[in-house]
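Presented below, as structure tokens, is a lone chain in the form predicted alone.
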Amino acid sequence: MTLSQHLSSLLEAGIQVLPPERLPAYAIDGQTPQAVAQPATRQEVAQVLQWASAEGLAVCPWGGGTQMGVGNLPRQVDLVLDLARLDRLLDFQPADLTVTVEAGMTLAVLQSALAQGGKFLPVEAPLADQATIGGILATGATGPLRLAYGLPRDWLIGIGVVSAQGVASKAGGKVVKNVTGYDLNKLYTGSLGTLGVIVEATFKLSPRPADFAALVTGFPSAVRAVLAGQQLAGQVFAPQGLQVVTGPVVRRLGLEQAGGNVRKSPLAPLYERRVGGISRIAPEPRTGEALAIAFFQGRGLAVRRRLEESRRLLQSQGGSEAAVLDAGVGQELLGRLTGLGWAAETAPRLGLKVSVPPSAVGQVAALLSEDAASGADTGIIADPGFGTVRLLQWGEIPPNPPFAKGGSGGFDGSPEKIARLRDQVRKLNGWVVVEQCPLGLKQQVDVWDVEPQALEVMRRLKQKFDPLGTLNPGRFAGRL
């Protein structure tokens, strides 16, 4: 009897078990689960986990599947717990600025429901129409607007979790001013589903912005753009989001518009072309050049005033004449930039995320720009105000590529070059996470970059919350 058949015979009829032909779609790093269960309530989630824990099975929680490649190779994948059916809006209080939802609801659906009450959740994630609330919290996914709004955990005020042993619990509450008990919200957020399965979340909300715009400015180099961005981030008129991107990234943004939506000067660093009757504009910096992209939202007059002040500052710092994108085009660009590298059509061969103090972003950009310049298709996305730099290298992704010791021109993704980069970044009080890479590289390096003291704390937490190693074994830092 297969695991799916055994599972079906043990669980209540309300819990769906997918047929064998659908299992390959749930493979994690090449490992196909023996079964996929889709519970519809937290009680059913608890029942599955109680049974799996008693049987010694490895369980991998699954949200929208958008970032299942993040993390180390799993030691074992027996059962995938798909939470897509836990997708209800449980409570929405516009006057109190709070909402409670089940973990399987997608971010796009939630934002649509909140918009009807004039509110929005200041949380972003790649592929918002697929990414679920539980998955966003588990991975700590963010987007460019984190400069103003922070991380998902900053908006989380209550959480419902089912432990590896199938015990349901809650932390926090449904009021914004909630200071009782331990802050377990932050403990579960970013733990990659290794400490418990998130089934419910309560957030504080913000009024829905009335207007949106974006500003695109060219610079002679990524470092110059970052330095100018740091100046802008410190102003009272700073944008909600600010990103610096280089050529290969720019070419993949593909900003679409239907005419009349873009107001630009004759010197704007943009080009226009017609593709299938659709007018496209896409910044195309020359080799070594970069673009600073600033996003603004709020009241209409305030947005326009801040946009104009930002344009003047960026040009005073060496930026070229800028292009202004209105709400429709600007939001399209924001979505594309947030999802770049995560959608199948833009997935890189190698994706690294460097986190440092904001003051060190320029140094990291200079360091990575050398590798990007020597690589055939390597781009950079830097956040000068928040302190992150992503390096994305595209190209064919063989299943188990050889990694020559030391590598050759460009950032080849060899373990030696990753170790060298981590050493350099540690001197800047930062760390390097390998977000995307071929399986061959995952077999040689820990994709997480955690100090020994922090890793020991994580190990003790894992032992306390999941002593049998039921949830996502091997995928977190230190292969916990």
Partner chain sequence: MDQPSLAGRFLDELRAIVGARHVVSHPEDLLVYEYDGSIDRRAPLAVILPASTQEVSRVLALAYREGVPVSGRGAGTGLSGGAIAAPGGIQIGFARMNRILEVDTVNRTATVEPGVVNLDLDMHAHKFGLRYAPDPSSQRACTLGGNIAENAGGPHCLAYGATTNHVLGLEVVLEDGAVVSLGSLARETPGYDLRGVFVGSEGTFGVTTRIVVRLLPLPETVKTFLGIFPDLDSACTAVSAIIGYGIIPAALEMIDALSIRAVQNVMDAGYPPDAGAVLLVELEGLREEVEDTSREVEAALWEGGAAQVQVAEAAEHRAKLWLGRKNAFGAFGSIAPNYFLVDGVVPRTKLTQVLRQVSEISQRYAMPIANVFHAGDGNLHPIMLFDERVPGALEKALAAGGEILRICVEAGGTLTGEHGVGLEKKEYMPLVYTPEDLAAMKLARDAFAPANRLNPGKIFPDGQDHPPSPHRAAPGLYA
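Numbering follows the first chain given and starts at 1. What you are looking at is a predicted structure, and each value in this text was computed from that prediction instead of being measured.
Keep in mind that the form predicted together with the partner chain is not shown, yet the notes after this line are about it.
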query	finding
All of V175, P358 and V457 with a heavy atom within 4.5 Å of the partner chain in the predicted complex	yes
4.5 Å heavy atom contact, V70 to the partner chain in the predicted complex	no
Contact flag, R22 vs the partner chain in the predicted complex, heavy atom cut 4.5 Å	no
Distance check, R312 to the partner chain in the predicted complex, heavy atom within 4.5 Å	no
Close approach of A58 to the partner chain in the predicted complex, 4.5 Å, heavy atom	no
Among 96-104, 337-345, 79-87, 322-330, the region lying within 4.5 Å of the partner chain in the predicted complex by heavy atom distance	96-104
Contact residue in the predicted complex, chosen from V223, A171, L350, I381 - any heavy atom within 4.5 Å of the partner chain	A171
Residues within 4.5 Å of the partner chain in the predicted complex, restricted to 449-471 and counted by heavy atom	D449, V450, E451, Q453, A454, V457, M458, R460, L461, K462, K464, F465
